[in-house]
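The chain that follows stands alone, in the form predicted alone, written as structure tokens.
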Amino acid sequence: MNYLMQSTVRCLRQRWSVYALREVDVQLASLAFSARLMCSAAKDLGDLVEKDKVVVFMKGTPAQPMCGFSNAVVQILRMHGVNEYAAYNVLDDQDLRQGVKDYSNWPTIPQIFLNGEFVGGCDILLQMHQNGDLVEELQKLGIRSALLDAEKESK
């Protein structure tokens, strides 16, 4: 009887270890797949942010922003005469919404990219607008800020 119990225990241990190894293999395969998806998503986001000089990930659209911060970004760009830019509505795609947060390592929306480089969110764009840095950054992109023309007209 003792031999029978030992054999059964040995068999169960072997099967359990095989099961555990299979479970580990499944988990590793799942992690590898997730990593490939994340790399693919990061590459796709990289392509999106580099496609245009000015890229905004926002809630809503420039014609109909769905949050105050996204609206502020649209208004700041409009004041500078930047009317042509790529805008992506993150409310349409939750994967895009989370993906851009992961890509930029920034937790909030909207997010602004200039020439493929992450600038920040609404607060940073507002600060750049207020201290004149946005005019300079736009000039580097070959975009003349409309505020320069308005300044000349007021003199």
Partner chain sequence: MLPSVLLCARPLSTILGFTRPLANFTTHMAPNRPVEGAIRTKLTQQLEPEHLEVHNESHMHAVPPGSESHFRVLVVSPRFEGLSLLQRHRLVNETLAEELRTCVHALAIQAKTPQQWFSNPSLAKSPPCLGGSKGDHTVEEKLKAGSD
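Positions refer to the first chain, counted from 1. Everything quoted here is computed from the prediction, not taken from an experiment.
As for the form predicted together with the partner chain, it is not shown, yet the points below apply to it.
At the 4.5 Å threshold, heavy atoms of Asp123 reach the partner chain in the model of the complex.
Contact between Leu91 and the partner chain in the model of the complex is found at the 4.5 Å heavy atom cutoff. In the model of the complex, at least one heavy atom of Val119 sits within 4.5 Å of a heavy atom of the partner chain. Shown alone here, Arg97 lies within 4.5 Å of the partner chain in the model of the complex, counting heavy atoms only.
With contact defined as any non-hydrogen atom lying within 4.5 angstroms of the partner chain in the model of the complex, the contacting residues in 86 to 111 are Leu91, Gln94, Arg97, Ser104, Asn105, Trp106, Pro107, Thr108, given in sequence order.
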